[in-house]
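Only one chain is given next, in structure tokens, and it is the form predicted alone.
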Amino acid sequence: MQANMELNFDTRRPEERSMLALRRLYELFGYRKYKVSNFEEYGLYLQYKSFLSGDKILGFTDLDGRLLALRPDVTLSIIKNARDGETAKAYYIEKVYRESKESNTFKEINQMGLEYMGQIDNYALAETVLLAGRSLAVCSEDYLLELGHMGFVTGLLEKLEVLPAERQKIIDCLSAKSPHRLAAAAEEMGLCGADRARLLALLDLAGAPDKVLAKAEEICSGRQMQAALAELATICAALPAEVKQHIRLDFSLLNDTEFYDGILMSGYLQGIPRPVLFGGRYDSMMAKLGHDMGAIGFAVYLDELERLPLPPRDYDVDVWVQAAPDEDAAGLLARVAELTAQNLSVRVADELPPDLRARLHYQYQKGELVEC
């Protein structure tokens, strides 16, 4: 009998089930698995410390005297090894080590993500957003993918001619989604009534793509803002209906301006209070590391998926084979192999533990299985 090796995902935990499905999804779109070292030069992360989540980096001195770090980020390592003139489509399954603000300790985080590096055109953007949406759908049917654009916000800030410190303060207020703090900051900076109104309008630009894009046109001025709006409109128009219905635009979705400079993505699943997916476009970071090419990517935080409920089941194992400890091992193993070839999970034991439930119960007698 030829073994059926198809996996029954319903028997796996959410993290494991999603990881296998995501790997298949990314490979269908031409992404190749990329492996990076757990260790990286400490100086790389120190130089771009503002981008990292948390102020601390877990470092150590190697046997050859070099100062290394346990990797707090995957993308920077991939950027460092990128080759100009080549289009790279890579996905990864890696662990990162970051400071936990809740416990004041370092924590190990499981990530799975992808990076698209090279000539980033409208198709590349739309494909990446599509894969972000489908990545969430793999994990749960009840998901939300928020899209923002750094170019639209920074374009407005350039029109307002605010100072760098004032600019960061405005971004902090927008990220906190606080109209009162934003209004107070605008007044403190001496912005006129019209400029203040345009700034506060950013907080209202959240919702269904068609409605938000129309409202954004009202405060849109300058080439940078117009280009950002056109890019979002093109992406949303290209998405299939099953993904577009889960898209929400939010122009207060912002992140580190030193890293991200274009479209931003943040993904949520019902029942999990924090984002499980985050990413965006980072051409400027590619330039800072010496590359003349664009890039966009995202990461899925696999550990967060463990918050999802397990699929309901009436049993823990398909078959309990009851066998005495002194039974013929070769014969028993052959019967078990026949069951597993049918994609059935098997537990061989004289007695079934009280916390396990079996769908079928067989006894092994004289080389055969007898149903009980």
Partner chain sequence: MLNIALPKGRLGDKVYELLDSIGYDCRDIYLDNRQLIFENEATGVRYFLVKPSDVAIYVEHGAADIGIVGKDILLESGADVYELLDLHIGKCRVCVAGKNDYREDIGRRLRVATKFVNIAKGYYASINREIEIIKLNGSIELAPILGLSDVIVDIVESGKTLQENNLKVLTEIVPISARFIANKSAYKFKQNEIDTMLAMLADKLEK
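Positions refer to the first chain, counted from 1. Everything quoted here is computed from the prediction, not taken from an experiment.
Below, we turn to the form predicted in complex with its partner chain, even though it does not appear here.
4.5 angstroms heavy atom contact with its partner chain in the predicted complex for Pro273: Yes.
Should Ala237 be counted as a contact of its partner chain in the predicted complex, where contact means heavy atoms within 4.5 Å? The answer is no: Ala237 has no heavy atom within 4.5 Å of its partner chain.
Can you work out whether Ile219 and its partner chain are in contact in the predicted complex, taking contact to mean some heavy atom pair no more than 4.5 Å apart? Flag for Ile219 set to no.
Can you tell me if Leu269 lies within 4.5 angstroms of its partner chain in the predicted complex, counting non-hydrogen atoms only? Result yes; Leu269 sits at the interface with its partner chain in the predicted complex.
Among 229-237, 110-118, 139-147, 71-79, which stretch sits within 4.5 Å of its partner chain in the predicted complex, heavy atoms only? Within 4.5 Å of the partner lies stretch 139-147.
Please identify the residue among Asp250, Glu99, Glu166, Asp195 with any heavy atom within 4.5 Å of its partner chain in the predicted complex. The residue in contact is Asp250.
By the heavy atom within 4.5 Å rule, which residue out of Ala184, Ala176, Ala214, Ala287 makes contact with its partner chain in the predicted complex? Result of the distance check: Ala176.
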